[in-house]
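Presented below, as structure tokens, is a lone chain in the form predicted alone.
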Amino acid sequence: MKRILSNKWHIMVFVLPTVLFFSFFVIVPIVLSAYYSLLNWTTKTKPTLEYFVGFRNYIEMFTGKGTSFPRAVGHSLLYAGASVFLQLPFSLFLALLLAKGVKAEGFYQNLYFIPVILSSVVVGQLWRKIYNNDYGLLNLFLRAINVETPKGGWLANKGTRLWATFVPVLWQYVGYHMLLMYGALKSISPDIIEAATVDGASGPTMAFHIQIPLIKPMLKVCLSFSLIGSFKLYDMVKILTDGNIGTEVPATTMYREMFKSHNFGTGSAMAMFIVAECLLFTVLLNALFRERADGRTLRERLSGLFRSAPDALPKGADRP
């Protein structure tokens, strides 16, 4: 086996199927979308250079009259913020709680993970029933404690429809991130935990100074999944509100532009924006978590700019 892996031709044979599959289903569609985004391609035209318009589609999707794409991008950023600052901390709290050791630990792991294995269609229909004005559990509970419910319903009311759309997605993937973090926490050497306990670390001290720093790579993975999932959000919004005004996200706007308005050029430009957005935030996230030569991440270096100059020096550096 070692002899086979040392031969580059053998390695190429094993890797080639995956490379071809990835290229055909990922690279080629992205390249074609980039090409189509530069054309004025509608049902009345053809995707040829004869209808080349350059970056006009990119400009019009943000500045064109009646376009809702900027608002859709704002909604996706809002959901990304909710995912990072609400969903992930709650998932981390559950992971820390389970990793500490509770009765029926395996039962709770499976219980929190059940929504993840359910289809988005099932979850969407479930929450439509929960939000129902007449028999929905949420409204029945609020009326029982004399709390006024939104006029027109949670998914139709202007002030609640956006967050009512986000809640099911946040709820569905709490267990997913919890399980990833839980696995990372359980992989920490018991000797480290025991040594920290002997030194007096417990509770929040153990979590913030020992456990969380040691699972930083897994936190990076969860953040990546969370951000990319936020920018690609489509199915739950489509099921709950059909991506109507007030709940649109980039993917639903792109779908409407391409398959209802038949503006394939503009829709392709929106698709390329989503790809670029995911790539940009992934690169930024990698930069924030990358260790530098002095052992500090970019985030720690940036935070040092807000301190006094002596405090911002790396550990071990000579002070004046």
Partner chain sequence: MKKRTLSPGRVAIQVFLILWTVACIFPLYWLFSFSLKDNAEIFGGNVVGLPSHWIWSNYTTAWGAGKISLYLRNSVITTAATLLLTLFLSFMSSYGLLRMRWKGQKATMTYLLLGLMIPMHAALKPLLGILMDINVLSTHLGLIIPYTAFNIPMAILIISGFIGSIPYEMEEAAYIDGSGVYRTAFTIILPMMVPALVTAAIFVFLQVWNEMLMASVFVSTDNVRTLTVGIQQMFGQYQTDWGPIGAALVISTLPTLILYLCMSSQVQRSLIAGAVKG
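Residue numbers count along the first chain shown, from 1. Each form is matched to the other, and the largest set of C-alpha atoms that superpose within 1.5 Å is called the rigid core. Just so it is clear, the model here is predicted, and its values are computed rather than measured.
One more form of this protein, predicted in complex with its partner chain, exists but is not displayed; see below.
- Of the residues 193, 164, 94, 80, just one reaches its partner chain in the model of the complex with a heavy atom at 4.5 Å or closer; this is 94.
- The partner is absent here; in the model of the complex, the one residue of 145, 245, 198, 111 having a heavy atom within 4.5 Å of its partner chain is 111.
- The shortest heavy atom separation between residue 58 and its partner chain in the model of the complex exceeds 4.5 Å.
- In the model of the complex, at least one heavy atom of residue 122 sits within 4.5 Å of its partner chain.
- Contact annotation: residue 69 falls outside 4.5 Å of its partner chain in the model of the complex, judged by heavy atom distances.
- Remark: residue 74 does not count among the residues lining its partner chain in the model of the complex, judged by a heavy atom distance of 4.5 Å or less.
- Residues of 252 to 269 lying near its partner chain in the model of the complex, listed in sequence order, are 254, 255, 258, 259, 264, the criterion being any heavy atom within 4.5 Å.
- Taking 2 Å as the criterion, residue 49 does not count as shifted between the shown form and the other one: its C-alpha moves by less than this amount when the rigid core is aligned.
- Residue 29 is among the residues whose C-alpha shifts by 2 Å or more between the shown form and the other one once the rigid core is aligned.
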